[in-house]
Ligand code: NGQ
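Taking the form predicted alone, here's one chain by itself in structure tokens.
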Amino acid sequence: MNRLLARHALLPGGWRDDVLLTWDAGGTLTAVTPDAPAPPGENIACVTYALPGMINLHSHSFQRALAGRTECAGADSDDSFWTWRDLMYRFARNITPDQIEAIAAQLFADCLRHGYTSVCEFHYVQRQPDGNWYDRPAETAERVIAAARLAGIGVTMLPVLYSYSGFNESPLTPAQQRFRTDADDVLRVIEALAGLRDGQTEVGVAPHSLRAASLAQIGAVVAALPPGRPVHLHIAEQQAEVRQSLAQTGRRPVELLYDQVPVDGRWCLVHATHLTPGEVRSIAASGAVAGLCPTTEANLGDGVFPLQAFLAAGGRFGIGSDSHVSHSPVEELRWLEYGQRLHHQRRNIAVSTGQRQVGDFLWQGALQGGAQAAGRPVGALAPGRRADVLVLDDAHPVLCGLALSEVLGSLVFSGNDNLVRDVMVGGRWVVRNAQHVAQQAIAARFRQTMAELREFR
């Protein structure tokens, strides 16, 4: 039976009661009916709280195996994003396609259990360790998509354009050779993945950054990309990056991009941490999504995104787990708000004139921005969208005795227990009673992979 009755469901306009969800055999919602009585004579599944699954708009899935393993200070105690990056390069040096697939499957199962139902994979480990291509140029991207299908998560695959090691088009270092692609390479990978596109899978592109791809390359790839496909780009993550851009080009990264490239709603600018007021307004006005990854940005010491000014300018945002020091959308949203509170020394920052509940504003805003960045019909319980549904554990003490207006605030800001009980993606249950349906097989393969990768330095 492709129907579910929710006593309370989060719809685009807010919470509604007695909502009947109906979806087709392909996993797309065909009807969402509030105030619906239980169909007579039918044994229909009923739940208390149903809400749309969250979109993880920025993932480097292989880094899931590195999380927690770089938390030791270096000899000079001057650790930064750049020293972490050196460790990550060493880890990526010899990882195999089998290991990439096993790590991604475990990550995606973890993400599903915590409430992500879609992921945007910013995929740059594409060559063999010696720098040569695999027999199939899309080999490693295909492995990540296979992992997504095993776990049951929706995926937007973003093959990465990665040609240089700096703004002056300097050659890649030996440690970066596995990532090397030019415009023709990345378009060839995108073409090779075309047959995998379906209701659960989209393919876009990700110029890595203005350090790693020239503006001419970016323009050529975006022009060749089929209409409507998403474009993701790291930008202005670190102060050192901004200084390098100024020294080499005379422009800040966001200024440089907007001077040379027509950025629009297809784009997701990942991090965009260090912005001037004018850059904040430019991003907001263009309709691009700011892809924010608060746990990774905190872990790497990036800085704090100017969220309050961005929202005031009408900007759109979404969240991602990036390096996967966390797999929880709740933690990303919580720290998005808490970072603002620490910076401004105020409370309740992420609100609007029409929505004063912080949890509701954050969840709905991240759904909308995440769906846009994914380029897939997700992010809402509405006809034509994917049947991606989270069912909260109504027996958990955190949810006892609450008004509906307090549910999302309690989900985001009350404790660290995972309140997600069941998860449906594309009309298929993939998490039941907080357990992924394929967890044993996925975990066994992941344990073997981690044993193989124990020593990476």
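Numbering starts at 1 and follows the sequence shown. Bear in mind the structure is a predicted one, so any value in this text is a computation, not a measurement.
From this point on, the text means the form predicted together with the ligand, which you will not see here.
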Exactly one listed stretch (372-380, 99-107, 273-281, 83-91) reaches within 4.5 angstroms of the ligand in the predicted complex by non-hydrogen atoms, and it is 83-91
Assert contact residue (the ligand, in the predicted complex, non-hydrogen atom within 4.5 Å, options 202, 337, 360, 237) equals 237
Picking from 316, 113, 211, 127, the single residue whose non-hydrogen atoms come within 4.5 angstroms of the ligand in the predicted complex is 211
request  = Tell me whether 117, 388 and 428, taken together, all sit within 4.5 Å of the ligand in the predicted complex, counting heavy atoms only.
outcome  = no
(request) Evaluate residue 296 for contact with the ligand in the predicted complex, applying a 4.5 angstroms cut-off between non-hydrogen atoms, and reply yes or no. (result) yes
Subject >> Contact label in the predicted complex: residue 322 to the ligand, heavy atom within 4.5 Å >> reply: yes
With a cut-off of 4.5 Å between heavy atoms, is residue 60 one of the residues that contacts the ligand in the predicted complex?
yes
**Prompt:** Would residue 254 sit within 4.5 Å of the ligand in the predicted complex, counting heavy atoms only?
**Reply:** no
When the ligand is considered in the predicted complex, the residues of 298-314 having a heavy atom within 4.5 Å of it are 300
